[in-house]
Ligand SMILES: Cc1cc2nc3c(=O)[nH]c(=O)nc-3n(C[C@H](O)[C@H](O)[C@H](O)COP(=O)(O)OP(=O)(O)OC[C@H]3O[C@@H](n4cnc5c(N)ncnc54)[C@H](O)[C@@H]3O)c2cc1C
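Here we start with a single chain on its own, the form predicted on its own, put down as structure tokens.
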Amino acid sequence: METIWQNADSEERDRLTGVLRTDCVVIGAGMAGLMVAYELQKRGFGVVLLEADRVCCGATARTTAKITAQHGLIYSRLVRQHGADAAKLYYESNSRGIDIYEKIIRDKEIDCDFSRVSSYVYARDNVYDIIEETFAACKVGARFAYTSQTQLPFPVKGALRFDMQGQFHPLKFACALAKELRIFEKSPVVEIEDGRVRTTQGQVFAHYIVNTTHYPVMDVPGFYFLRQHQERSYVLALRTEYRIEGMYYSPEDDRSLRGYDGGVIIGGESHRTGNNFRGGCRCRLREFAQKYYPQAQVDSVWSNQDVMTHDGLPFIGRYSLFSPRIFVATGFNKWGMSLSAVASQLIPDLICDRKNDYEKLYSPRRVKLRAAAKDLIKDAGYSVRGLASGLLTDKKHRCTHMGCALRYNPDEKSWECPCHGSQFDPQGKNIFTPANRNLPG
């Protein structure tokens, strides 16, 4: 089923054939790619944007479209693992991200249902984590309030509220931005080297290359497959007269809610990609919706996939020490809307050799072993088991990325890689990277 956002008009574009030369080539026409390409073009660069399928057909089409600086319990984690100064930079950069969207929408007069609303992280039982996050919010200089008053259909014991956050219709915004750019669709990238990007039917020579695919398509250098994993979550859009204002998230039960024009969007049931062999995620989400919105009608059901880094911070900057003219934006940890705006300023600043206060915070070359050790060991275990199982698995159920054994997801009716998060439909078609080839027939 399509998401509620996919009703936006999007013109089809030609696929790349032959050879092009330009200043910058951006790979991946999701929100991050569009935002980076738009900013580079605004600064005077010639830009070509390459998309393997259609504009914003991937993770951006499946988002809940929250543009916020409140990312669950992020600030208490950042203060513990990275220090208060780093946490403050994270808050400032994401808050500026909301302003960036608002300015583009105002300047371009884009009709995309943008509004400034409050965002809440709440608890129904144990408020300890919410209180800790409130203290952290104070340390980073956030504008916040602690409250137990919400528009949710159930009582909460406590909630941390950030005001003046944002929400919008992501594809209406993306389609308007795409009209400003030179984009080639149905042009999957098969090879990247310094100064050249090759697709299935053409190639682009460029001085700068920016990889904004959901998951980086180039394993070496960078080794991003060792530094992050993917998680899948599920979403219901309910048509109901009992609407809510604002955006809500509970770390207790992984529930996300926000209002939209037709009613309420409910998300949750996250699991590591490839680790849902029992299924039932969609059923549990429907049970939650039925309990609190019994008269509602289901407008749409979908799922999304998010790239999770080991230390809780995305990778935005130079791809590696050995590729100074190749850049990357990945690992948004479920908060891709605001962090796409961060990338749209940080990467062009690096290309223009301008100072950016957030370069060190998001640097892909950072080493935070203490913060990342637990998840790094856990991910290594998944990879070792998956690769070992792959040796005993037939090729039809072996990931085309690195050969890990695939697992069946009954909720999605798909085959998924527990090592790095690739996904394939029942016919073996590759849906999510890092794999970029279909399963053998």
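In this text, residue numbers run from 1 along the sequence as written. Since we're looking at a predicted model, the values are computed, not measured.
Although not depicted, the form predicted together with the ligand is the subject of the following passage.
Trainee: Just to confirm, residue 344 within 4.5 Å of the ligand in the model of the complex by heavy atoms?
Mentor: Residue 344: no, not in contact with the ligand in the model of the complex.
Trainee: Closest heavy atom of residue 57 to the ligand in the model of the complex, within 4.5 Å or not?
Mentor: Yes, residue 57 sits close enough to the ligand in the model of the complex that at least one of its heavy atoms falls within 4.5 Å.
Trainee: Is there a heavy atom of residue 51 no more than 4.5 Å from a heavy atom of the ligand in the model of the complex?
Mentor: Yes, residue 51 is a contact residue.
Trainee: According to a 4.5 angstroms non-hydrogen atom cut-off, is residue 188 in contact with the ligand in the model of the complex?
Mentor: Residue-level check for residue 188: yes, a contact with the ligand.
Trainee: Tell me which of 227 to 235, 287 to 295, 318 to 326, 138 to 146 has residues with heavy atoms within 4.5 angstroms of the ligand in the model of the complex?
Mentor: Of the options given, it is 227 to 235.
Trainee: Note which of 183, 337, 87, 209 lies within 4.5 Å of the ligand in the model of the complex, where distance is taken over heavy atoms; exactly one does.
Mentor: None of the other options qualify; the answer is 337.
Trainee: Ok, 120, 75, 173, 332: which has a heavy atom sitting within 4.5 Å of the ligand in the model of the complex?
Mentor: Of the candidates 120, 75, 173, 332, 332 is the one lying within 4.5 Å of the ligand in the model of the complex.
Trainee: What are the residues of 295 to 334, in order along the chain, with a heavy atom within 4.5 Å of the ligand in the model of the complex?
Mentor: In sequence order, 304, 305, 306, 332, 334 come within 4.5 Å of the partner.
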